[in-house]
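Take a look at this single chain, the form predicted alone, given in C-alpha cells.
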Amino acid sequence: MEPKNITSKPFTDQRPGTSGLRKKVAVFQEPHYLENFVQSTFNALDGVQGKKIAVGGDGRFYNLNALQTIIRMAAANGVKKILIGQNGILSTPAASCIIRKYKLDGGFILSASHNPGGPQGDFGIKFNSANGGPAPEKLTEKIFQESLTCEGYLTTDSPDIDLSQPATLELGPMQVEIFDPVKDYADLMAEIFDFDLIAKLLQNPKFNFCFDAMHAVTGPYAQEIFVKRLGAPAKSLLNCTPKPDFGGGHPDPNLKYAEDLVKVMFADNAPIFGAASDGDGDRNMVLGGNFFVNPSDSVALIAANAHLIKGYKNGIKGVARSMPTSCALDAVAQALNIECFETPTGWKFFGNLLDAGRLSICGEESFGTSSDHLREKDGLWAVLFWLNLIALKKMSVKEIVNEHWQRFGRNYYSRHDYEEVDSKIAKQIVNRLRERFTELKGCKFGPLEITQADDFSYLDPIDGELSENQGLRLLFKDKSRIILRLSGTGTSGATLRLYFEKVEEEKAKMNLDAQVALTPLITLAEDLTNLKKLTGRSEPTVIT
C-alpha cells in the first residue's frame, strides 16, 4: 500500500465555526473538498505520523463515505492507529470519552449536530484535541490558514473497510480497530450515577418516562443504558433507530422540533419525566408532565444539587456558562462560594478551565450541559443526572424546579431564533445596534435603564487569549439583559439570536409565563433593532 499524492486546489470557505466545518452535503461531495480539509487538519497538527486517533459520527447521510476517505488518508499520512465506532457511529460525548480513556492524540467527529440530515441536508466535521475537547481557536485558525494554501493531499487506493462488526486489522502499517461505540461511555455513566437507584425508579410501575433520540446517534446509547442496564420498558424510548435523514426530522431537542416528545409530555396523561437529545448526542431537553425546563435553569439546578450525586459527592470546584446563558448559575455559585466564569459561546472555551481544574459543571443555553467527566457537552449525562435527582428527592420535575426558584430566585429567560436570515441584513441589524452603544448607555425606557452596552469580549484566564466580538449586550439597572448575536452553526444564510432575561426575587411572582414576564424587554428589542421589518419576519422561527 503506497501513499498517493493527489493534486487539488485550495478552497476559501473552510474556516471552522464554533463546532467545526458545516456545509450542505453537496458541498462536501465536491471533488477534493473533504480531503483538503482533512489534510489541512493533519498539516495544522504538524503531521500525524505515529499518532493515534478516533473517528466516528452521528449516522447522518455521507458519514460512511467520509469515514472511508479519512481512513485512507490517515493511513497515507502515517497514523499509527485509528479507532472507529462500529457502523461509523460515535456520539460527540462518547468520542470525548474514548479520546480521554485511551489517551489518543485526538479524533474526528463527523456531525452537523442538530442540523437536518439527508442528501439535501447538512454535513459537518470537527477535530477534537487530545484532551477530548473541541480544537481551540488557535488550532482552528491554523487549520483555516492551511486550507487556503492546500494544493494536494495524501491517500491510498485501498478498498473500503467493513465497519459492521468489531474487529482489529491492518491497513499497511496502520492498525485499524472497529469498536463498540457505546460500552465505554455507558461504563463511565455508571461510575458517575447511582444506577441501582435509577433502576428502581425506572422499574417502578408508578413512574413512567419517555426519551426521544430523534432518529439520531443516541438511540443505541439509550437502548444500552435505559433498557439493558437500567431495566426501563422498551416502550419508554422513541425514535431510537439512527437514520441518515433523521427520519425526515430536524434533530434539535427543543419545543418546536422535538414534536413527538412534546405531544407525549403535554398530553392529559403525560409521563412524569421526558427528555430528548440531538443529532450527535451532546444536547438535551428536559421536560416534566406539562412542564418545560429551561436549559439555563437546568445547569443552575444541576450545580446546586451536584453534591447529592455519587460522582460529585465531594462538591464541585467551580462553574461556567456561556455569556448568553442566564445568570441563574451565578446565583448558585455565589451561594456555594465557588468561582463562576462567563465565556463566549462554544464548548471549546470551557476546555482550558476544565483542564486547569477550575470548574466542575458548565453549560450553555442552547441545550448543552456537562461536567469535568468529559470535554464536551453531554446530553445523556444531563438526562441521567435528572433521573438520579428525581430518585433521590422523590419529587416531580416541576416541584424540583420550583424549589430551586424559591431558594435562588427565578431568572425569566427566553431565546428567539430567526433562522436563515439574509446574511447582509443580519449583519446590518447587528452593526446598527453596535453603532448606537454610546447613545444608549444611561437611556431609560419606562422602568428599564441601560447601564452598559457593549460587544462581549473574553480574556481566557488560563492562556491569556483574547476573544472579541462575541455578542452584543444591553445590561439594565434591574439586572435584566438583552443580547443579540449571530449563530455560527447554520449553513444557509444567518441565524439571528435574541436573548432576554429578567431576574425575579419576589416569591409570589415566580410562576408567570416567561414570554409574558419578558414582554417589556422583547418590545424594547424590536424598537431598537427593527428586526421584524428588516427581516420580513412576523415572529421568530423558534422560541425557547
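In case it trips you up, residue 1 is the first one in the sequence shown, and so on. Bear in mind the structure is a predicted one, so any value in this text is a computation, not a measurement.
In what follows, reference is made to the form predicted together with a small molecule, a form of this protein that is not presented.
Q: Report yes if all three of 399, 410 and 502 come within 4.5 Å of the small molecule in the predicted complex by some heavy atom, otherwise no.
A: Checking in the predicted complex: none of 399, 410 and 502 is within 4.5 Å of the small molecule.
Q: Sort through 43, 68, 29, 487 and report the residue having a heavy atom within 4.5 Å of the small molecule in the predicted complex.
A: Partner contact (heavy atom, 4.5 Å) among the options: 487.
Q: Work out which of 375, 250, 404, 415 lies within 4.5 Å of the small molecule in the predicted complex, going by heavy atoms.
A: Checked against the cut-off, the match is 415.
Q: Hey, in the predicted complex, does residue 346 get a heavy atom within 4.5 angstroms of the small molecule?
A: Residue 346 belongs to the contact set for the small molecule.
Q: Although the small molecule is absent from this view, report whether residue 529 comes within 4.5 Å of it in the predicted complex, heavy atoms only.
A: Judged by the heavy-atom cut-off of 4.5 Å, residue 529 is well away from the small molecule in the predicted complex.
Q: If you check in the predicted complex, is residue 122 within 4.5 Å of the small molecule, heavy atoms only?
A: Because no heavy atom of residue 122 falls inside 4.5 Å of the small molecule in the predicted complex, the answer is no.
Q: Determine whether any heavy atom of residue 146 comes within 4.5 Å of a heavy atom of the small molecule in the predicted complex, and answer yes or no.
A: Heavy-atom contact with the small molecule at 4.5 Å: absent for residue 146.
Q: Based on heavy atom distances of 4.5 Å or less, which listed stretch (359-367, 288-296, 164-172, 262-270) is in contact with the small molecule in the predicted complex?
A: Careful reading of the contacts points to 359-367.
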